[in-house]
Every structure is written in structure tokens, then in C-alpha cells.
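First, one chain by itself: the form predicted alone, in C-alpha cells.
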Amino acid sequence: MADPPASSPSSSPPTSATRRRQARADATRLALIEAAVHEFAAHGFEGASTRAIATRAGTHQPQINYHFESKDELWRAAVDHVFAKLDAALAAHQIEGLGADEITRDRLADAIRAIVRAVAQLPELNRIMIQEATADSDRLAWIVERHTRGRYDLLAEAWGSLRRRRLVADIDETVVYYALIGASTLAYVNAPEARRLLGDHAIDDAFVEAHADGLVTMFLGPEPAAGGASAD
């Protein structure tokens, strides 16, 4: 006879030992995902070794086969994981859901600063994007539809709203999107080069804040002087 479903009244609550096993399994799965983020960022999908991922996670390769049906499933879990970290970092600064007239220079400036701060902590995200975006593939199609198309549409809508009201420069939304992505991420994606150019400790919190402020000025113009009339 089949076991009763988990929701059946006859099911026993999980024991302490069961909960501990589940907690260990969850911790191992998360460690594998985080290790995979680093390996896929550094070596791409084809170059990343599942053995190296397991070693980085402090476990053994069979654990990957236990938790994931394939290398592709692990890759997708890793990409979802790093984008979820980005979303968490931006949660308090989202412009999604605002009406066209609610998009202001200050709201977009806040979002740009949040993007810079987030990507400074997540260089692996854009390294994965660089690995995948240079050649068309099923993986790239999946990333675009699951993660990047909505972000592009959101920024294009926000910039377009400000552009139509002549509150920002008359620059095409597509140009702004790629210019912002490149300008906000390169110093952190190319951190080894930046450290050679600027010194080991040059990319610190002060650099990140100066970078964020600089991009706001580049894309949105100088902040209105205190006491002066605001374009918003």
C-alpha cells in the first residue's frame, strides 16, 4: 500500500533527526549553488568542472547528481540564485509599478545608485552574462526571457517617461540601457585589472559611492542646487 500523502492526518510530524537531515541537505544544495556561481562565472558553462564545483562547496561530486538532474539544472539554479541576490539588493529602490508621471529624476537616480552598489558586490552575475551573451544558445534565450527582458523593459519605460517630459537628454532607451549596464559593472567585473591600475584597496566603499554619484550625473545631469527649482 502506498504511503499516505504528507498532508494526511495520519502522517507523523518530522522528527528532529529528519529536520537535521533536511537542514544538512539544504545547506549542501546552497553550497553547491554558490560554488557553481563562481565556477560558471570564471569558466563558462562548458569550461566549468562539476568536480571543481563540488570541491569548492566542500563536498563530493555525487552530491551534485543527488541534488540536480544535470549540469544544466545546476547552472540554471546558480543563475536564478545570483539574480535573486540582485533583486534583494534592489528591493527598496524599485521603480516597477510606478505610473509614468511618478517616475522622477530622484527616483531613477536612487535606482542607479542601488544598481552600482549591488553589482559591486555581485561581479559573478555580469561575468556569467559575459560568458553567455557572446553566442546565441538555449541558455542565453532562457536568461533573456527569465531575467533580463523585464529589466530592460522597466528601465526603457522609466527613461522613456523622463525623456518624453524633457527631463533627461534625448537619448534612445536602448543606448541608455547598454551604456548603464557597461558603465556600472566594468570596474567590478574587471576587478583584477582595476586593482593593478588603482591599487589593491582602491575599489572600496568610497569608490563605489563616487562611482554611483558619477553615473547619476552622467546619465541624469547635475542634481538641482538646494533651494532651486527642480525639474521634477
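Residue positions are given as counts along the sequence shown, with the first one as 1. Just so you know, these numbers come straight off a predicted model, no measurement behind them.
From this point on, the text means the form predicted together with another copy of the chain, which you will not see here.
**Item:** Of 52, 31, 181, 167, the one that lies within 4.5 Å of another copy of the chain in the model of the complex (heavy atoms)
**Value:** Of the candidates 52, 31, 181, 167, 181 is the one lying within 4.5 Å of another copy of the chain in the model of the complex.
**Prompt:** Which residue, 57, 37, 64, 187, has a heavy atom that falls within 4.5 Å of another copy of the chain in the model of the complex?
**Reply:** The residue from 57, 37, 64, 187 that makes the contact is 187.
**Message:** Just to confirm the contact call: exactly one of 122 to 130, 86 to 94, 107 to 115, 73 to 81 touches another copy of the chain in the model of the complex at a 4.5 Å heavy atom cutoff, so which is it?
**Reply:** Residues of 122 to 130 come within 4.5 Å of the partner.
**Prompt:** Is residue 193 close enough to touch another copy of the chain in the model of the complex, meaning at least one heavy atom pair within 4.5 Å?
**Reply:** Residue-level check for residue 193: yes, a contact with another copy of the chain.
**Item:** residue 15 within 4.5 Å of another copy of the chain in the model of the complex, heavy atoms
**Value:** Output for residue 15 is no: heavy atoms all beyond 4.5 Å of another copy of the chain.
**Prompt:** Any chance residue 162 has a heavy atom within 4.5 Å of another copy of the chain in the model of the complex?
**Reply:** Flag for residue 162 set to no.
**Asked** Taking heavy atoms and a 4.5 Å cut-off, does residue 140 contact another copy of the chain in the model of the complex?
**Response** Although another copy of the chain is absent here, residue 140 would touch it in the model of the complex, with heavy atoms inside 4.5 Å.
**Message:** Need the contact residues for 27 to 51: heavy atom within 4.5 Å of another copy of the chain in the model of the complex, sequence order, or none if there are none.
**Reply:** 41, 42, 43, 46, 47 sit within 4.5 Å of the partner.
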